[in-house]
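Before any questions on how it binds or moves, here is one chain, the form predicted on its own, in structure tokens.
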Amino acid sequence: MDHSHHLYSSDGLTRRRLLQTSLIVGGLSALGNFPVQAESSSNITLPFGRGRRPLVAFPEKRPLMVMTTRPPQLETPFPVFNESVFTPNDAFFVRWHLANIPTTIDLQTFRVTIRGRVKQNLSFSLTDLQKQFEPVEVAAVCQCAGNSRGFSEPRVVGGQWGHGAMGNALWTGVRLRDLLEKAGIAPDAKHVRFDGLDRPVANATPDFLKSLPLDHAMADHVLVAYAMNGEALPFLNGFPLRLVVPGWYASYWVKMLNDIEVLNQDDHNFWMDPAYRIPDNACGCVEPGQKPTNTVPLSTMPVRSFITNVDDGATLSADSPTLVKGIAFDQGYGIDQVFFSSDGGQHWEAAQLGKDYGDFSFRPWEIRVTLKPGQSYRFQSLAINRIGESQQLHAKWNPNGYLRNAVETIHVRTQG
């Protein structure tokens, strides 16, 4: 489907955004005070220490779980993942590193620039990208590097996310490769670095910059995106442009992208080194409490799966077979199998995979299980991708709580 015309006449998008950003100015400039507070009793308590979260509706968002407001860190309530394979824009998680975020963007003057080790510096407006380049769509999971960090034992530093710092969307944009090739890449180019419009509040805080190796930046599926799920990017998810790096953690998916710089050397800015690093070994892990000797940049996501339609602690009926549904994903090899256990992993049976929306997308799965009345069960799912990588039965540990792909357990009972 070509989204370059009917989604975005530039005039229509500008008028619509002017209306939206007039609301966002008030909301974002007062992030210290919740812009739209739900009822005071509207809270969710995640199952770990200090896991109580207020539900708050920010501009363009339904009530989400708030971890911090400056910068905004908003988590998707987990039942949302049972609504559809694609996470609704108004429920998509939000994670900014810097608190100084623009409250308005003038599309008449906004440009994204390509510079550095290129033959010619180039600058494009949003309309330029939509009219001058082939539109490309990719379904891909965007997952925060710290997703599920709150479950780390022993506890680690960083935002204590539950499982909702992720989302799956159909992203529309232009290939990053097409922009780089139009600028002309110098023979000594090694990395491509990305910057957005967000800025630090204090001068001592480093600007948020992330880099990709050139060979990965040139991959077909790496996009400069201007739409998600058929609509303009929400302001808090990076309007007007964000980098989309399917299979890689969301720290690389730079929001409000306005600067692309080609480098002829490795990038050692703060957010590449020392931030977002994992132990340099096969598992990316160390013994709890230890510090790694050597580290490498965090990049791709391991295989994961979740049960989405059964809550932990639920009481189920045993009168008829119970339908259990879920999602699975990995770094882009694609999901090959999902297995389900009702007894905490002693016995496994194959679940049925649903529609394949692409190798980087959530893959739905389901299974019907017969339960006995008055019993306790431990539901688990285990996914395996097409190269044989599987979830781990037990969580591995590293000092930043990255790479979690343990089999998660849902405790349920049946009516007696």
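All figures in this text were calculated on a predicted structure; none of them were measured in a lab. Note that residue numbering follows the sequence shown and begins at 1.
Keep in mind that the form predicted in complex with a small molecule is missing from the display, and what follows is about it.
For the options L223, L212, V112, C144, the one in contact with the small molecule in the predicted bound form, meaning a heavy atom within 4.5 Å, is C144. Of the listed positions (W248, F81, F93, F124), a single one reaches within 4.5 angstroms of the small molecule by any non-hydrogen atom in the predicted bound form, namely F93. You can rule out all but one of 231 to 239, 103 to 111, 315 to 323, 295 to 303: in the predicted bound form, only 231 to 239 has residues with a heavy atom within 4.5 Å of the small molecule. In the predicted bound form, every residue of the candidate spot (G196, W253 and Y276) has a heavy atom lying within 4.5 Å of the small molecule.
Taking the partner from the other structure, the small molecule in the predicted bound form has a heavy atom within 4.5 Å of a heavy atom of F208. Among residues of the shown chain, H97 is one whose heavy atoms approach the small molecule to within 4.5 Å in the predicted bound form.
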